[in-house]
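The chain below stands alone, shown as structure tokens; this is the form predicted on its own.
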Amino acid sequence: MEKNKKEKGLDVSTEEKIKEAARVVFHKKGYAATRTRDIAEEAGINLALLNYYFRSKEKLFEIIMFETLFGFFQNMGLVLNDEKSTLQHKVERVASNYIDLIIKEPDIPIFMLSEIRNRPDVLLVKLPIRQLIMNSVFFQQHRKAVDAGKIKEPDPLHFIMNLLGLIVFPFVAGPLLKEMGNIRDEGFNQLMQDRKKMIPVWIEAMMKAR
């Protein structure tokens, strides 16, 4: 692949610079509000050069969106398909991993939610989310726990909705919560670090309740 690009006169480092700039701009503004000129300015190149590497905003967006979604769910898939860890340990790792990820990349939740809602036909068909998540070791363990009476709620979608909601919603509502608590980014991030320990406890309690 890289050899073919060089034969066509494409500089791989320039292409990666453009992709990184596009990632930054798309994550902040979303597809509709982003202009190719914004990406060119972020990359420090002229618009003609950007168009030489990527013929359309849509094509560049699809690359960035796929990489963002795939990276997000691939990380989760690795945790959920670990045959050696318990259900409880998986919850702990998902909470910890994604809180750290979103603190580092705070624009990702809004970007993903907005673009999945606006362009599901373009995005979700390219990602094997059901195979990655719903057929995982995690949900096999969930079914066994339900059969054994350790978990009262039999629908695994409630499990994953509760888990993702507890992780992602505070970041989505971050500006409101910071205002309510009269805290800055540092204080909010500390709250999220505290949730790494609290979320597994809440999930366990919810799954045992009727």
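Because the structure is predicted, anything quoted here is derived from the model rather than measured. All residue numbers refer to positions in the sequence shown, first residue = 1.
Note that the form predicted in complex with another copy of the chain isn't included here; everything after this is about it.
Taking the partner from the other structure, another copy of the chain in the predicted bound form has no heavy atom within 4.5 Å of any heavy atom of I103. A residue is said to contact a partner when one of its heavy atoms sits within 4.5 Å of a partner heavy atom; E15 fails this definition for another copy of the chain in the predicted bound form, lying far away. None of the heavy atoms of I45 is located within 4.5 Å of another copy of the chain in the predicted bound form. Contact annotation: I133 falls within 4.5 Å of another copy of the chain in the predicted bound form, judged by heavy atom distances. Looking at 141-149, 154-162, 58-66, 37-45, the stretch with residues near another copy of the chain in the predicted bound form, meaning non-hydrogen atoms within 4.5 angstroms, turns out to be 154-162. Within 4.5 Å of another copy of the chain in the predicted bound form, a heavy atom is found for not a single one of G77, H89 and E186. Along 161-191, a non-hydrogen atom within 4.5 Å of another copy of the chain in the predicted bound form is carried by M161, N162, L164, G165, L166, V168, F169, P170, V172, A173, P175, L176, L177, E179, M180, G181, N182, I183, F188, L191, in order along the sequence.
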